[in-house]
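First comes one chain, alone, set out as structure tokens in the form predicted on its own.
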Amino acid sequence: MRIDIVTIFPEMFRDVFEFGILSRARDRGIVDLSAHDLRKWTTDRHRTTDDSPYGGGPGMVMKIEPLVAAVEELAAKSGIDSSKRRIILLSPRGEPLSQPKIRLLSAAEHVVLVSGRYEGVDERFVVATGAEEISIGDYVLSGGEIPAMVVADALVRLLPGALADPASAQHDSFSDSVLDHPHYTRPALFRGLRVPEVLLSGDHAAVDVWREQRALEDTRARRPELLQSS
């Protein structure tokens, strides 16, 4: 998979790319991951990426010309067919991000993540590029850079070979519309708190039943809407 991130702050991604799963996946050639400075596609000497909104109002709006130019050039350079590409605008107005959505996106060969800023992005960008809008939650951040990091991380961990144990992704929370079961490790006793006996029993069938029951119980108690929508 190729992931291109368009941002006015590409420096924010340097350290993120150098650690953990993202770094290992890049080193193994599983993902081609890059952050690009939107200013590269501006045409004026001030490298302007935003302007005041039509109709008045506070703040600034990201200009359409450099955004479209960036997406079009990255698409052309990728050499990947448009049917295998997803263009994502990170926006608080977007569809809430979910694990099923990440699974759908992980089937693409090329994902372009566009980090919005200021009051927003010229609405015509979505129309001109066919971009999908995604939100990581019902709150507002200073820009789309952190949401782009979230999407990239969630995507890469689903790619074959990205995780040391592929089963890890299959048992993550939300992978089957329930939260993950509780996890324990050594020591078996800490300040009077014991690991459930079934996990120490060596009975793998009983462990599987316990984990499934706890996952359902915790989901019912903490996120009942997940069960209602499944």
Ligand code: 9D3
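Residues carry their position along the shown sequence, with the first being 1. Keep in mind it's a predicted model, so treat the numbers as computed, not measured.
What comes next is about the form predicted together with the named molecule, which does not appear here.
- Of the stretches 90-98, 155-163, 105-113, 77-85, only 90-98 has residues with a heavy atom within 4.5 Å of the named molecule in the predicted bound form.
- Although the partner is absent here, Glu72 sits far enough away that none of its heavy atoms falls within 4.5 Å of the named molecule in the predicted bound form.
- Of the heavy atoms in Ser135, some are within 4.5 Å of the named molecule in the predicted bound form.
- In the predicted bound form, at least one heavy atom of Leu141 sits within 4.5 Å of the named molecule.
- Contact annotation: Glu119 falls within 4.5 Å of the named molecule in the predicted bound form, judged by heavy atom distances.
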